[in-house]
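This document starts with one chain, in the form predicted on its own, laid out as structure tokens.
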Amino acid sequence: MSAVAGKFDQLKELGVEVLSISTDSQFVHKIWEEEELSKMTKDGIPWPMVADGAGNLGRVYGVYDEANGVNIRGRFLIDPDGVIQAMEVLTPPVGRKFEETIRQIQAFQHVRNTKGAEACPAGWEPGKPTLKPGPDLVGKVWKVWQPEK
């Protein structure tokens, strides 16, 4: 969370809304913010931390661990229509790479802005070639996209 908080301005520039949800209570969130997160980030956590004590939201998103009564760490990219476009679930020993989150947001926004007329291949970044899905592309992807370059 501190890595995301440190780059929160990038998310705001992209028009992204951030929420963090855990099975901890709002009181635990407050202490965690005051005693740890505020020391790891310049301005603390600038988005709502939602308490999901019963794990109801975690169950909806498929990340609630019934045996341990906690939500497993996950990241969900949800479009303005409420559709999950991407999700990533990792166990605690491995953290996410923030730059990949930004890249994926930019790619999903690009596809949305083109109304699906363009697709972003693996590793795509803004300004790089996209693919134009359709019958003309079948068997010819190699002509327009070469991942080694």
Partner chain sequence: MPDEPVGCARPTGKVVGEETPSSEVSEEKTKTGVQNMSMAKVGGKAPDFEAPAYHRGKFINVKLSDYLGKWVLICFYPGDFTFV
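Numbering follows the first chain given and starts at 1. Nothing here was measured: the structure is a model prediction, and the numbers come from that model.
This protein has a second form, the form predicted in complex with the partner chain, left out of what is shown; the following refers to that one.
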* Can you check whether residue 87 is within 4.5 Å of the partner chain in the predicted bound form, heavy atom basis? -> yes
* To do: Although the partner chain is absent from this view, report whether residue 59 comes within 4.5 Å of it in the predicted bound form, heavy atoms only.
  => yes
* Asked: Hey, in the predicted bound form, does residue 121 get a heavy atom within 4.5 angstroms of the partner chain?
  -> no
* Is residue 81 a contact residue for the partner chain in the predicted bound form, using a 4.5 Å heavy atom cut-off? -> yes
* Structure fact -> Within 7-26, the residues having any heavy atom within 4.5 Å of the partner chain in the predicted bound form are 11, 15, 16, 17, 18, 19, 20, 21, 22, 23, 24, 26
